[in-house]
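In structure tokens, one chain follows: the form predicted alone.
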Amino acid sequence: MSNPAATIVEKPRASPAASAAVNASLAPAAKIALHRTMVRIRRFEERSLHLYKDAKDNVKIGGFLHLYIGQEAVAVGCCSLMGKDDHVITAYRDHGHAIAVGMELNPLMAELCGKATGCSKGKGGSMHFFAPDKNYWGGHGIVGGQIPLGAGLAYGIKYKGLKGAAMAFLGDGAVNQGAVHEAYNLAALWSLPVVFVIENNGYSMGTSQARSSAGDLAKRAEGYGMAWGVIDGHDLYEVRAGMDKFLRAAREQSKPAVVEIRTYRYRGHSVADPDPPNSTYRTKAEIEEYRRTKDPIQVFQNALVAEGVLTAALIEQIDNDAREEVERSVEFTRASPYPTAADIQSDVYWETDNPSQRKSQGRLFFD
């Protein structure tokens, strides 16, 4: 496993966005917490990959596994700006967002392995992490399918008269889906407090943006009369500074926006997608160049070292703590039971789970 979080480059530099009001107001402890969250995401994802490839001892990840390695600053930067009435919904690459909103690792690892103690009771797997108590609405496997739902979350916020915003995340491969543009249209037409966040990692499933999407992705918002912006996603300070103004406009003026955050994934689209040297659409040298110059954990770590917030000893401690936490989640998963056959009909229909309040007639399930 790579360990970018345990080293310091010779000349750490401060980020220009560190002086933005939303970042300058951060206490040292808050900055350390942001760094810690990114490291926890990286270690969780690396361990998940290892489990997927080397399943044993009652822990096995089935189905797809979409890893967030390389994109950590996006989810952490955006979700760190959430207020009590803000909501998040995302696509199938959802582990980073789940950890960023505060979900514990135990139910996440258990969900990956289909255990009953998982956050979705072992029925959703990698693509369907949910935490309604944290205003986190998943994890969706249909490309672009979560974007109308994000507009719906924003509609609910406005309907209730709350000063909140919905962040609806999508990838660069989803921007051409019809449902995405339908959601854009309604958000603009009804002035919904939603920020559509395009996590542009350059390749969608395996085709470069240049070969799949015409024009600037975020600038398409102009066609709907919405604000838009582009942010460098490798710098957590940049993400926070850039997103802050759009979230404020959504909360305070109910103005929607489209924001493209340019980022990069180190691994394949999913684990089923070959990594270099077997990859057919990018080279190992390209990945290593990004890792060397723009790794989001390293960039933020360097900034905090330059500020005197992080030391080599603390960096190592944070990394060790993250690794130990992830291993505890594996042990928790190993000891957890699988759902039973009787569980197959629960959590499907509300009336099945609340029979005393059922009003419909007829059968809900068929053998």
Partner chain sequence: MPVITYREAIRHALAEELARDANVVVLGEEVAQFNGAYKVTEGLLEKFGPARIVDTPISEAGFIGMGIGASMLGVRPVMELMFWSFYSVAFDQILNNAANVRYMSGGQINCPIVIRGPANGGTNVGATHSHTPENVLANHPGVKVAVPSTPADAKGLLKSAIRDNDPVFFLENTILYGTEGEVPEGEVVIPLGLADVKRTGTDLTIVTYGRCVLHSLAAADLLQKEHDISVEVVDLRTIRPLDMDTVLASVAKTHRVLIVEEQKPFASVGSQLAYMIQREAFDELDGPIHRLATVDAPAIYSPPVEAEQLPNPQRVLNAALAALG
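Numbering follows the first chain given and starts at 1. Please read these numbers as outputs of a predicted model, since none were measured by experiment.
Here the subject shifts to the form predicted together with its partner chain, a form of this protein not shown in this document.
- Three-residue candidate spot Thr37, Gln71 and Trp190; no residue lies within 4.5 angstroms of its partner chain in the model of the complex by any non-hydrogen atom.
- Heavy atoms within 4.5 Å of its partner chain in the model of the complex are found in one stretch of 198 to 206, 153 to 161, 78 to 86, 96 to 104, which is 198 to 206.
- Lys123 belongs to the set of residues with a heavy atom inside 4.5 Å of its partner chain in the model of the complex.
- In the model of the complex, Ile261 stays away from its partner chain, with no heavy atom inside 4.5 Å.
- In the model of the complex, its partner chain sits beyond 4.5 Å of every heavy atom of Leu247.
- Of the heavy atoms in Ala24, none are within 4.5 Å of its partner chain in the model of the complex.
- None of Thr283, Thr293, Ser212, Asn185 but one reaches within 4.5 angstroms of its partner chain in the model of the complex through a heavy atom, and that residue is Ser212.
- Gly141 is the sole member of Gly141, Pro276, Pro148, Gly229 with a non-hydrogen atom lying within 4.5 angstroms of its partner chain in the model of the complex.
- Using a 4.5 Å cut-off on any heavy atom, none of the residues of 236 to 258 reaches its partner chain in the model of the complex.
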